Every structure is written in C-alpha cells, then in structure tokens.
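To begin, one chain is listed below as structure tokens, in the form predicted on its own.
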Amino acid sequence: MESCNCIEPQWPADELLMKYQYISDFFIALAYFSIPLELIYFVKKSAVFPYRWVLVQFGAFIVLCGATHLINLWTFNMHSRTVAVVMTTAKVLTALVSCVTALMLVHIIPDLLSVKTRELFLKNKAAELDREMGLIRTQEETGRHVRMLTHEIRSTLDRHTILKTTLVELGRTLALEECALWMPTRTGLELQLSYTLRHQNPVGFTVPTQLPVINQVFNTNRAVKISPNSPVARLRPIAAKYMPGEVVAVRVPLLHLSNFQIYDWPELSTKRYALMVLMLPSDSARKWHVHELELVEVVADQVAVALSHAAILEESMRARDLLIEQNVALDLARREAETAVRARNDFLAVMNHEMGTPMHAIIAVSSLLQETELTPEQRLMVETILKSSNLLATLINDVLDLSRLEDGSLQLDIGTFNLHALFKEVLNLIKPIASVKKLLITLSLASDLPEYAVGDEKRLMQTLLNVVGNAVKFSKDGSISLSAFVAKSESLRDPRVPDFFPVPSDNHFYLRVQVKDSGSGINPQDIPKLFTKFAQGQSLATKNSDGSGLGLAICKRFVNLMEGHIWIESEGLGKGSTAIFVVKLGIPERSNELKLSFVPKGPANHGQTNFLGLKVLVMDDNGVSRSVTKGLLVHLGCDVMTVSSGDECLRAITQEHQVVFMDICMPGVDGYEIAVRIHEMFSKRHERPLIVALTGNTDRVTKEHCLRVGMDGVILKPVSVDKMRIVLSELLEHRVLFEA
C-alpha cells in the first residue's frame, strides 16, 4: 500500500452557518468592547467602591476576549500566517489575564462576603434609628400633650378649677378609668380624697399620711406604680370578677402656701404634698409606658406651679380687699377729720367774729373813756380793762393762728422788708412794758446783718414779740439783751435737732436771734414741754404769769415754716435763760433801689391828729359795733353816717363821703359785693371814697379777697382811739392801708 503524504481536504463550509458565526463574533466583540467602557464610567463615578484594580483586570480580560472574537472574523476564510500569529498572541494574553483574575477573585471573595455583614449592620443601625425616631416622635407627642395640659391648667387661677381641669385633661389624654387627688388636711396628718374624675368614690374619705405607700411616693419626684389594692388606689366600688388596671401615684408639691394663709387650706410648708393617683382601664392588658409616666410627672410639677400662682392670686385679692376696706375706712376717717377741721375752723371763725365784736366795743369804749377826765383810780381801772382786753384779743388771734398752723392752711406771706427797722420796732414796742418793771433792754445787730431781707415780716415780728415778751414777763429785775447776726454754716448744725439740714446758698442766709434774760430761769427737764400747746414752766413766776401757754408753741411752728428751729437754754431756776432761734431769709436782688423805696416806720405820732369835717360812712349790721366805731370817729372830729345793710349803704353813699368802713361778714349781701357795686357807681377813682374793710379775720385769704374786689384797706378789730387815728392818717396820706 502506497503511502500518501497529502493533506486531508477541508470540510466544505456551509455558507449559511458561516454567515451566522461571522455575525455572532462581530456582536460578541462589540459587546466585549462596550463592557470595559461601562466599567471605566463606573470606576470614575464611584467614590466608595474599594476594588478598582480588580475592575481594571476585568476590563483587560474582557477586551482581550473581545479581541479574539474580532480576530476570528478573518479566520473563516483562508488566512495568512500573520493572522494566525495575532490570533495566538491574543488567546495567550487572554489565558494569562483570565488566570490572574481568577486568582484575585479567590483573594477578594472573603471581603465581598463581608459586604453582606456590613449590610446587616447598616440594617440594624437603620432599625435602631427608626426606634430613636419613634422615641422622638413619642416625646414630641408627650410634649404636645404637656403643652396642651399646661395651657388648660393655667387658663385659670382658681385653684378648684385648676385641680378639676387637671384630672379631666389627664383622663382624656391618657384614656384613664379613674384619676383622683388627695389633699392634706389642716393638721397635715391625713390625706383627704378631694377630687375624682368619675365620682365613683365619695369625696371626703381620709387616709393617714404615715402609710408606707404614701411615704414611698412622697420620697421621690417620679411617678411610682402602686398596688391597686392600696387604700389610696381604691377609687371605685369593688365588683365581682373585677381586674383593676395598673395604678401609678405621683406627689404634687404645695409650694410655700404657708406664706399665703389661705382661709380654707392648711398652713403648709414646702415639704408638704398632695397625692395624685391615676388608674388605667380595668380588664385590659394595657401597661404604663415610660413617656406616659414622664407626662404625669411633668403635669404634677405644672399643677404645683399653677397652685402656687393661684395661692398668690388669692392672697393678693384678699390683701387687695383688705386694702380697699382700709382705704375706705381711711377715706371715711379723712373725710370725718376734714369735716371736724372745717367745723373747728368755722367755729373759730364765728367765735373770732362774735368775740371780736364785743372786744372791739370794750377796747374802743375803754380807749374813749381813757381820753376823758378821770381820777387816778379810774384811770388805773380803765388801763386794766384795756390791758386785759388786749391780752384776750391776742389770745384769740393765737388760737386762730395755731388752728391754721395745725391744719396746714396758714402760709407765709413772703415779701421784702427792712430787717433792721423790724428789730427797732420790736424794741420800741417792748420798752414801755420793760420800763414799768425797770428792766434794761439792749439791741445788738451784727455789722454783716443785711438791712433788707425777703420773708414773712409779720410772722417774724410775731415770733420776736413772743420771745422777747416772755423774757420781760418772767424777769423781775436785771436786763434783757436782744442780738441778731448771720449764722455761720459751721454753727448751723445742732445735735439737738438731727432733722435740721440747712443748705447754704447765695440767694438766702440764716438769721440767728438770741434773747438772753436774767429772769427766773427754767428747770432743764421742763424745757422740752415749753413748745407744746398750753404748756407753762413750773417756776413760781410762771405759775403767777398771765400767759396762755400758746406763745412758744406758735413760735415753734412759725420758725418751722421759715425752715429753721428754736430752742431754749437755762442752767436752772433763778439763773435766767436764753431763747435762740434760727430762720431762713432771702436776699433781695436790688438792695440799692430798696433803700429808696422803703420809708422807715416812725413812732405813732402822726402830724394829723384831728379830722374835723371828714365825712365817713360806717356799714355794720351789729348795732353795738356800729355805735362804737361811730364814737371813735366822732371823737376824732369826723362827720359820721351809719347804715346797717348793704342796700342802705348803696343808697346813702355819695361823692362827699371820703372813707367807707364796712364789716365784710354780713348776712345777705356781703361786703365784697358792696365794694364791687361801689366801684361800678363811681367810674373815676378820685370821685370814689376809700373803701376799708373792718374785720376780725386775720387770714391771708381775706386780705387777698379784699384786694381782688378793689378795697383800699383792711383794718383788724378790735380798734382803739389811737389805732383809728393812725389808720385815718395813713389812709389819707397813702390812699391805701392793709394791716398785717
């Protein structure tokens, strides 16, 4: 058999199968080339995938596999050696990369398996987060309920409404079967069932506070689960086959109620509590949740705050009612006091007028009698009458002044006056009295004492006359020295008067006056009593004096009005005394002009002593006073006409009358209206007579009223012959005269 070295001929290819393989290899290659592109996009976009290098290996493997399929496209027909070499190289690289990738997968499979563990961990974390979110939602729900309950509780400040609202809202929010509040009794030894939600147990039942379950609740601020069979938990009648629900109790602090003294509540300290008991529905498997217990605890604290506010409100309302009652009582007392003051002032004013009229008659008639021919014995009697009458008139004025000082109606009449002339006038008035007792009076004015000052001249003179008059009154012999100077700032403060705070200024100065006498002296322990009303020293001279005990009391009040103080110094009985007072006076702005405008007051010796033919009209409803005033004027030579009413005055007055004296306190039409109508009758001033009020009222209101209606003068009763002579002289000379 002959061997054959020939190649076996190739199997004839099926044209259709070859076409399908060709197309398949093309699409396989296309798919292989697209997958690496997708992996590259994934690696580029992913920031958390930990195995990027493995993906690179997979990409290379897939590219090579695709390359082999692409090369297969050229192997379906006769192909060259070059194609075979390329095909072989591609397959070798594909095999190498495939093996390396397989080995790498063995290394990373445990890590890939751990991804499942992490997934479970994340799932657990997610579940825990869900639970926390649920808890947060529960807390938010609890907070919403707390806010709602707090709003309901604090919508009122009535404590009974607060407690009842708390039970109702807790029962509705927590779906409770029963809720009750036990309040401590007045003794604090028992708890009394005071409020219930369903009213299943009678209110008023009590249990002792020493029960272990109560102590257990009171010793903590948390809600405590208690046995449904405990005494405080028996909130409904026991029925057959009854399975009570879970019960919790919480304390409710009663904050500082001992400070409020509520009438029907006990006096409780901060360590006393009420007890709130809450019961879940019976015959149910429901349990108390933590958020429900927290809700109960928060509500208990809110109830405590609301109760404290209610207690404060009740106490404030009670205090307000008490204050209203006190204010009503004080207002009633004030009105009664004002009525009493008005009644007293009216009484004093009437008494002053009624007493002034007879005093005016006594002094006027006595002064007229003194002008006649009298025997020495008769003259002594008349002088005694005049002296006593003047003393009585002074006493009446002192009582009126003291009355106005005490009710605050007396005010200082501030004006500019000659201070030096005032002291000299006081000396001239006192000297005749002192000469009778053979007392030497000296006046010493400091060189730096201003000549003019601003203040109440009348009250300062009244104070001086009282103080110097006392020195004369209580001195039998010896001397009296009156000195005045500007008080230095360092000497103003006096330890005896701690509430006296002088304030130096360029607009004022403090005048210090000292009156020293060698009289009977004063017992040191009696000195404080001298400035009280109706008080007198206990020396013999004082007991026998004719003083009223009002002078120094009035002086003290005048000095206080002038922002000063007064005191008396004495070493004892028989050693004399020194009266000292300090008052605040103003400094006038233009002293040079004042020297020209002020006319110094001379002695009571006027050039004109006889007023023969002076036509005077006297209007007074009192016949005695009218006759006395007419007698004084007739004695001075006047041509007098008298009338008893305002209508008579208006009919009788003519241009021939030069002066009209009228009593302003008259029934019916008063003197003020008559003065206005006289002004209306006489349009020209020189044709109108001078209108002078004759009154016993010494207050400033009367003087101001007289000025307002156009009167030319005010003369105070009583009036003597000498006083009437001075009045007429001043009127005719200055056309105006307002007696201080």
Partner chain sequence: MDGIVELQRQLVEYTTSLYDEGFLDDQFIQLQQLQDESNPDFVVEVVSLFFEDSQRLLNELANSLEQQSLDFRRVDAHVHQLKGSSSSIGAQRVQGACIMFRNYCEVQNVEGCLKCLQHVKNEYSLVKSKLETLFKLEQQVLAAGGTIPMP
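Numbering follows the first chain given and starts at 1. This one's a predicted model, so the numbers in the text were calculated from it and none came from an experiment.
Another form exists, predicted together with the partner chain; not displayed. Remarks below refer to it.
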Open item on the list: Taking the partner chain as it sits in the model of the complex, is residue 625 in contact with it (heavy atom to heavy atom, 4.5 Å or less)?
Closed with: yes
Task: residue 311: touches the partner chain in the model of the complex, heavy atom cutoff 4.5 angstroms - done: no
TODO: With heavy atoms only and a cut-off of 4.5 Å, decide whether residue 719 touches the partner chain in the model of the complex.
DONE: yes
Open item on the list: Even though the partner isn't displayed, in the model of the complex is residue 299 close enough to the partner chain, meaning a heavy atom within 4.5 Å?
Closed with: no
TODO: Could you tell me which of 328 to 336, 626 to 634, 416 to 424, 510 to 518 sits within 4.5 Å of the partner chain in the model of the complex, going by non-hydrogen atoms?
DONE: 626 to 634
Task: Residue (of 315, 158, 371, 621) lying close to the partner chain in the model of the complex, criterion heavy atoms within 4.5 Å - done: 621
Task: The unique member of 439, 197, 410, 665 whose heavy atoms fall within 4.5 Å of the partner chain in the model of the complex - done: 665
